[in-house]
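Just the one chain here, laid out as structure tokens, in the form predicted on its own.
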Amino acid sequence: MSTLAVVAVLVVSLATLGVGAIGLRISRTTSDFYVASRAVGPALNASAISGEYLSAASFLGVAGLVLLRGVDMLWYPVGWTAGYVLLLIFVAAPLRRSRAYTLPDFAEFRVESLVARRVSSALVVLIGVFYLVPQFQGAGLTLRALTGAPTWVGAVVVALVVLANVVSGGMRSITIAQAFQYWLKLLALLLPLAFMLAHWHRHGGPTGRLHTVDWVEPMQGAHAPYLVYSLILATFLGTMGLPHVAVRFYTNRDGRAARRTTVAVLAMLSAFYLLPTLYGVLGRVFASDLVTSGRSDTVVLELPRRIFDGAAGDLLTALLCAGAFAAFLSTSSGLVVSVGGVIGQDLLGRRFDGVTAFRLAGVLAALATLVLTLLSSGLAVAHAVELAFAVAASTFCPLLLLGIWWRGLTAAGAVAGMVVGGALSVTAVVSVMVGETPGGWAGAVFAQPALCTVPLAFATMVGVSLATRSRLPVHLGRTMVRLHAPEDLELDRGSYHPEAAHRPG
């Protein structure tokens, strides 16, 4: 056990709680808790989004998958970054101009349907929980590697710290914490990597035991082309449908700030994702035994002590552990805020005031995720995140793209598309998580469902909308103007306004 690494984890956790205590003093209104009163500038918001987005899958999982399977796994960081290009072009500014607080708010605003809102709320909770699971898994892996403790211990620690931070100050608290955590994660990966690459250059390393052809050549193995293209589709389109990503654009001051934020995020993610890939390559050289032992997800944490003896290895490991826990805490905080916001508004808002409902909802979300984490402990961290992307790509991606850019979307079409895409993708995700998947082509579809579920969701939304085109939303014209006109243009929506229905506070 590395005492320095345990101390690093404690320092990161205490620093996160300290920021939460500051948030308790500055967060007063419900808007503070949900969207930081829409007052976050592009630079701070970009750092916070990057800190939130770079999760356990990014910090640990990408390196583990590159070590395990080689070049095909590079589509994970490429897709997770490129998804922001589509978000920038098609969604960021119109979503901010909608003046909604959450994705269910947007669904109701666009198609003027409470049923669409309720379906969206259920999907936000499902996607948020599916994305939280690998964060808790990653925390368990880290503490087990450090102390030998059961994996559930790390999950409980992260859940407690996140809950304390979120319930104390909501979005205002976690924005500052996540911005700090991005730069901590970048430094935590960059500094040890520089030392390890220098050592490899000077002294070489043991010969890796992975077959070069299988590791370097793309699309090797059964059903590989389908699996790769389905992964690409899920990661490219899933980003815009992630609730904790979408809610960040509501915190910007206006649509222009949302676009500037997205451009900055692209630069930050591109710089970061170079690093886990190199860790995977170093793992093949110095720690290829992790593949046969089933511990590839721990390669980032184990490399320093494989290369350096004594204090140097312990110090670099401690820095990596601090960065890993920053990843778990930052992403988990954003997910709890987005899921708690929806549960607080739609399920608890009528019984409690806005802040109390938000806090209770956060507790419910974290506890449900802990249970699911214990049931899916054998799932690879990065693959668990990719499954959440598949659900988002099959539900909210069609809703956002068609809702923003196609006048023909109706409430019936939106609901039908989300139900079809959600039911199919969630079935695949749950089957994979509990280990009940068939073999052959069916198993490949269950493992990577997006290539089937995304086209079906789009086709269903378009087909049902065309069949019900006589029931277009009453305020469709003004809604489309709101989404595409300058934000300072005053519009009269008559009896319905996006901030008048179900808004917090």
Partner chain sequence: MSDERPVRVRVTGPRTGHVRRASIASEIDAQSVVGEIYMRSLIRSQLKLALGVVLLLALSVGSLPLLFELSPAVRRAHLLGVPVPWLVLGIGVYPVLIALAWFYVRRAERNEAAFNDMVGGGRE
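Remember, it's a predicted structure, so these values are computed and weren't measured experimentally. Numbering follows the first chain given and starts at 1.
Unshown form predicted together with the partner chain; subsequent notes refer to it.
With the partner omitted from this view, the residue of R144, R118, R407, R295 that lies near the partner chain in the predicted complex is R407 [heavy atom within 4.5 Å]. Screening F90, F352, F308, W183 for any heavy atom within 4.5 Å of the partner chain in the predicted complex leaves a single hit, F90. Using a 4.5 angstroms threshold between heavy atoms, R478 counts as touching the partner chain in the predicted complex. For V216, a non-hydrogen atom is located within 4.5 Å of the partner chain in the predicted complex, even though that partner is not displayed. The shortest heavy atom separation between Q220 and the partner chain in the predicted complex is within 4.5 Å. The closest heavy atom approach of T356 to the partner chain in the predicted complex falls outside 4.5 Å. Heavy atoms within 4.5 Å of the partner chain in the predicted complex belong, among the stretches 240 to 248, 68 to 76, 98 to 106, 321 to 329, to residues of 68 to 76.
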